[in-house]
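There is one chain below, alone, in structure tokens, taken in the form predicted on its own.
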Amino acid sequence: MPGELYERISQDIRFTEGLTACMNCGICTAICPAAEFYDYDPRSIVTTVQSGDEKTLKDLLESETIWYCGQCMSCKTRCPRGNCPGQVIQVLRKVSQETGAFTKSRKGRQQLLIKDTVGKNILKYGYCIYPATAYPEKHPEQGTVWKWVFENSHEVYASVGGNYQGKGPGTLRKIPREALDELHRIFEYTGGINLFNKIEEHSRKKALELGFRKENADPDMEVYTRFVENEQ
């Protein structure tokens, strides 16, 4: 008898569209780029979900595993039965975020950072990644070239036809306020804002549970600093 977690997962339209008739052939794992670099097996995830076992599903939602998927959807293009494990992963991630299970794993905890960057950028600027927020000191992996681009952004983007922070059409143009307001309404209507709040709430709870403080910062826990500071 399927438990509460399976019922919750199975109610998502992406689940019913992404998993219809898996025969465990393993083609999704064979084609999966993430499987080449991680201990990641889309086929076994689908098997776990199909089992409906509550404990196994709970372990999966709390694991690193569901965060390895790069959402390339190669699995959908090759599955002989038209399944899409990538969509199933989307559902698992959402349930993990809603229930707070994501705070149990290192990669899961990074959801707060993603919400604070990509999520915030979408609502504030209308872009997932926005040059003005990609500070060189926070992205040393980009090297000195990015530092130069960052410091000379308007000239650089204009040289390749961009309209960085400008009015009117063009790449990286300033998105009108009315468009941003509409984006915010879409997020509210579809539950995006509520999901952001859930990520915030569960992350804050985990930070306090761990007793994290800025003075003993650990790279894996750095994203929780602001919650503890707000408590003091």
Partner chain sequence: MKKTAKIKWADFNKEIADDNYYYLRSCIRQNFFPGSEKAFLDILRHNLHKTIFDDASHTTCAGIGYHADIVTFETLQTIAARHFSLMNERGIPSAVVSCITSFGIYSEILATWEEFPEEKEKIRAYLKKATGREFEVPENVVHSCDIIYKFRNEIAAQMKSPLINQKTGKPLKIVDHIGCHYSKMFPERGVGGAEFPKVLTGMITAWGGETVDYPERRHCCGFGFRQYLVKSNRSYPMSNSKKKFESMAPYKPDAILANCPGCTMFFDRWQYTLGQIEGKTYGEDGNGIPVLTYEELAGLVLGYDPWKLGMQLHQVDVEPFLDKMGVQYNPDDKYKGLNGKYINQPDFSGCLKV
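Heads up, when I say rigid core I mean the largest set of C-alphas that superpose within 1.5 Å between the two forms. If you're wondering where the values come from, they're calculated on a predicted model, not measured in any experiment. Positions refer to the first chain, counted from 1.
The same protein has a further form, the form predicted together with its partner chain, not shown here; the description that follows concerns it.
Although the partner is absent from this view, Arg185 contacts its partner chain in the model of the complex, with a non-hydrogen atom inside 4.5 angstroms. None of the heavy atoms of Thr103 is located within 4.5 Å of its partner chain in the model of the complex. Of the heavy atoms in Thr171, some are within 4.5 Å of its partner chain in the model of the complex. Using a 4.5 Å cutoff between non-hydrogen atoms, Ser51 does not count as a contact of its partner chain in the model of the complex. In sequence order, Ile122, Gly126, Tyr127, Cys128, Ile129, Tyr130, Pro131, Glu137, Lys138, His139, Pro140, Glu141, Gln142, Gly143, Thr144, Val145, Trp146, Trp148, Val149 are the residues of 121 to 150 having a heavy atom within 4.5 Å of its partner chain in the model of the complex; the partner itself is omitted from this view. After superposition on the rigid core, the Cα atom of Val145 is displaced by 2 Å or more between the shown form and the other one.
The Cα shift for Gly100 between the shown form and the other one, taken after rigid core superposition, is smaller than 2 angstroms.
Once both forms are fitted on their core, a CA shift of 2 Å or more is seen for Pro136 between the shown form and the other one.
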